[in-house]
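Consider the single chain below, provided in structure tokens and representing the form predicted alone.
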């Protein structure tokens, strides 16, 4: 069922939904970007459509709601360990343990990214119970995407059309909004405030400026190919590409001690990046993938080859956030194309 709503009607609908759900959406943070006169778009809790940034791609992805930057797993004393309780959504207003389910507003590529996160945390060995606990409370609303942004390459990654699983969609329609409601339980909230009913098809991207060609085969020689060497000097290993990526799942553990003897405290899971120095450090002081080029190789091959070998589809969803955030203007799309060219060249040699 589809509905047409004006701004006031949509705000009343969202207000009604807020009685049962926390709403989490991209929000423009004025003056909070890299410089004082630069905005940043990141996810936060909202109450009305006025709070939601509908016209720009978020600089940071939604994943902090599912994989918090820092998440306490358990508390420990000398004699006992207690799993952290409280199912409050990360960043709940005023730090409250609000246990309402959450509706996250996502574009199509990010909805595909959820599948990747679920695959890693729920379908890659034993279930990650800490992730599952949050995931069970999260639902999704689809933000229509009627045009591609400058760095997007969702068509080539097959993520421009949203998969099933969203509750309702939200698109601009002239001076108002159009919503397709897939969950019958939510239909009354929309119907009560709508100007009328109509068939609504969520907008999706049909053309990208950026195109990528993912490799169909990666020979072992690629691991030593000189194409990675340029990133030894270009990449500064800040890890921003991984932090904004909606499908990166790397984390590390940190123990926070409450006492000087280190016997009372908590263990936290903290987001990490394979691109940051120290990520591959092991006991004894050894470190693997010391060069930035080696780390870039690991990340790129994981996104467009290794993950596909294990699960049958690529990890990258083509959102382009890594290109947008890189302070050295390194293009992930360009790297993938270079990788494919190198693979095809090696394949031609073998023939």
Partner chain sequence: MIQDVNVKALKKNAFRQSKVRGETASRVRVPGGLVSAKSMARIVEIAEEFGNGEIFLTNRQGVEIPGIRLEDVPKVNALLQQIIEDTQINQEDTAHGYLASGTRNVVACPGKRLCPFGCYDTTAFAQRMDHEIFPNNRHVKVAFTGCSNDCAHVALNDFGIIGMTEPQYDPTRCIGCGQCVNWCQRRSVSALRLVNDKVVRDEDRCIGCGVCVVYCPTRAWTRSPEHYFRLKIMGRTGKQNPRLAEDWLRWVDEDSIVKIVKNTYAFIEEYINPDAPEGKEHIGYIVDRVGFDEFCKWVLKDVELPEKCERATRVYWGGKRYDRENDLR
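This structure is a prediction, so every number in the text was calculated from the model and none was measured. Positions refer to the first chain, counted from 1.
The discussion below concerns the form predicted in complex with its partner chain, not included here.
Residue contact with its partner chain in the model of the complex: residue 150 places no heavy atom within 4.5 Å of it. In the model of the complex, residue 54 stays away from its partner chain, with no heavy atom inside 4.5 Å.
Although the partner is absent from this view, residue 60 contacts its partner chain in the model of the complex, with a non-hydrogen atom inside 4.5 angstroms. A residue is said to contact a partner when one of its heavy atoms sits within 4.5 Å of a partner heavy atom; residue 254 meets this definition for its partner chain in the model of the complex. The stretch among 174-182, 152-160, 107-115, 238-246 whose residues place heavy atoms within 4.5 Å of its partner chain in the model of the complex is 238-246. In terms of contact with its partner chain in the model of the complex, the residue from 276, 187, 203, 138 that brings a heavy atom within 4.5 Å is 276. Applying a 4.5 Å heavy atom cutoff to its partner chain in the model of the complex picks out 60, 64, 69, 70 from 57-80, in order along the sequence.
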